[in-house]
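In structure tokens, the next block holds one chain alone, the form predicted on its own.
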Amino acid sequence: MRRQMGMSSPSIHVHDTPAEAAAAVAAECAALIRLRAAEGRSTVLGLATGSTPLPFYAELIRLHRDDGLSFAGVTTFNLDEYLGLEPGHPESYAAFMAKHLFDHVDLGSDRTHLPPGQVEEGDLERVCGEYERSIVEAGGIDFQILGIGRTGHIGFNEPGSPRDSRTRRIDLDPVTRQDAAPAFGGLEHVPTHAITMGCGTILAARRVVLMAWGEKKAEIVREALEEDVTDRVSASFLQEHGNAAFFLDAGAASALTPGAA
């Protein structure tokens, strides 16, 4: 069962389960890929990591396997990567994407892009600029997938990130590092920095979809949607995007004001 709350941007779609919500997002994404392929055009996807998009990627893999959805004309750009991790590190986002999507669909490795995890300090500005230029040269992002962190971050745009920020190095918030600690086997092993697309990079996407699951995300989702737009909660910038949507399960939507949009 789906509830849609309001028609303004961001639209809010509430489903009973994460699987149902993710299937709806995947169906929209697949329709875009097929439409643009029929027109002889590529599709540029902005991708996220973490537990939130897992059911979305699982559904894309199913659509590829069972329904013939081809990714041959798709180009992808990931939001972020931990600084200091080589691509083969099990907690790198390069390894995550290979495990949960790239290795299971017909997406050429030359068409997948992630910020590099190993960059010398003196090369950071150049590397980040090149990532921005690569997105522009690909035609810009058509469909951007987001999760939301407990600090309200999208990508790794922690509190204080400017609305017009672009790809750059960022200091990870202690809350973000604490949340990542179990995966790394302890806080001391969690990187302190990352490279992330900026808020401005994300907001330049033609379509933005944020997914969130569970009651632990309910309050930050409410802040992002119902409180003032502020750099304290970078997800709140989506209130100003002309084509954004929140896809939530019942838990993540539980703190929203009834009828709010």
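Keep in mind it's a predicted model, so treat the numbers as computed, not measured. Residue numbers here begin at 1 and follow the sequence given.
What comes next is about the form predicted in complex with a small molecule, which does not appear here.
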{"item": "Contact test in the predicted bound form: Ala48 vs the small molecule, heavy atoms, 4.5 Å", "value": "yes"}
{"item": "Distance check, Phe156 to the small molecule in the predicted bound form, heavy atom within 4.5 Å", "value": "yes"}
{"item": "Close approach of Gly149 to the small molecule in the predicted bound form, 4.5 Å, heavy atom", "value": "yes"}
{"item": "Interface membership of Asp142, the small molecule in the predicted bound form, 4.5 Å heavy atom rule", "value": "no"}
{"item": "Partner-facing stretch of 124 to 132, 101 to 109, 72 to 80, 167 to 175, counted where any non-hydrogen atom is within 4.5 angstroms of the small molecule in the predicted bound form", "value": "72 to 80"}
{"item": "Thr52, Tyr93 and Lys217 all contacting the small molecule in the predicted bound form, non-hydrogen atom within 4.5 Å", "value": "yes"}
